[in-house]
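Just one chain follows, in the form predicted on its own, and it is written as structure tokens.
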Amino acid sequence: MSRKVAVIGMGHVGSTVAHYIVANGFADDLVLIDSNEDKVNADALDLKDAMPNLPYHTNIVVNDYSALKDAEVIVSAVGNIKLQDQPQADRFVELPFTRDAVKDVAPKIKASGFSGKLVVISNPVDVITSLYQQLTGLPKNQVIGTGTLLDSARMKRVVADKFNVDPRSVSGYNLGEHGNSQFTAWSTVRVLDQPITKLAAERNIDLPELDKESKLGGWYVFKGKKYTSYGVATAAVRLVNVILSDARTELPVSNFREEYGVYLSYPAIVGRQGILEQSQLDLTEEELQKLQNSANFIKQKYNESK
């Protein structure tokens, strides 16, 4: 069976996702969809121009919703990042725009007969993932948001810099909303094979300061170039590859948690069928309270968005 992936929304993030997939031969067939015909056709041509110098071939189809029928994974990267370029803006300024885009796109996905997995990057991602699930009617385990996979990566970068190790040698999670109410669950973080809480006490390291630094990571990038792309696109493609290869990897992604009644980021085992099993972390009381606050905030915003 050929590996068929689609990207809907060819802005900064969607086009970075597409390039990463093509450059690494992660898909045999790639469907690119965008309401801006000129942009998506230009991207498709540009990617085809890359192929003579690549070791892989990818078949590219443009703006054909019927091609989604047998796709294994669709990545939704629709959005309007320019809306965030204003004082005190957060990811929710994109909600009205993205909600309307999803209300246009989701019925077309459904009409195509698509029955695969939907990976959502579009912000505010937890609310938009919920909307996609509702509007496509796909099972909840097949609709997944990138969520705090990116925030956890930012936390690992900050911790790795502090301890002078590879960020892949840091384990642990940021949980909750991919937004201002997300937090690092320090009780889950380990580095140098020790709980970071123990090392922080021994070395006089200020964990709230590290948390703040990792939270601000996205804003530093945004401030410098007016969008973010590599970090989130890489998180999305990792999630796509885990699904395609049925890797059964534990990842902090936005998935529907029954006990909170909402999509939020919490580690889950991901494979070909999407969310295969949900992890149960042994969180502190304070962390559980932060997670509940995050869940309440997402739920409130979701109810407002309908």
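Keep in mind that this is a model prediction, so the values were computed, not measured. A residue's number is simply how far along the shown sequence it sits, counting from 1.
Below, we turn to the form predicted in complex with another copy of the chain, even though it does not appear here.
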| query | finding |
| --- | --- |
| is_contact(residue 258, another copy of the chain) in the predicted bound form, heavy atom dist at most 4.5 Å | no |
| Partner proximity in the predicted bound form: residue 274 to another copy of the chain, non-hydrogen atom cutoff 4.5 Å | no |
| Partner contact for residue 3 in the predicted bound form: another copy of the chain, 4.5 angstroms, heavy atom | yes |
| Contact test in the predicted bound form: residue 169 vs another copy of the chain, heavy atoms, 4.5 Å | yes |
| Another copy of the chain: the contacting residue among 150, 196, 118, 102 in the predicted bound form [heavy atom, 4.5 Å] | 150 |
| Selected contact from 71, 109, 95, 138, since only one has a non-hydrogen atom within 4.5 angstroms of another copy of the chain in the predicted bound form | 71 |
| Option from 154-162, 204-212, 127-135, 177-185 whose residues, in the predicted bound form, bring a heavy atom within 4.5 Å of another copy of the chain | 154-162 |
| Whether 262, 297 and 304 all lie within 4.5 angstroms of another copy of the chain in the predicted bound form by heavy atom | no |
| Contacts with another copy of the chain in the predicted bound form, stretch 214-240 (heavy atom within 4.5 Å) | 217, 220, 221, 223, 224, 225, 228, 229, 230, 231, 234, 235, 238 |
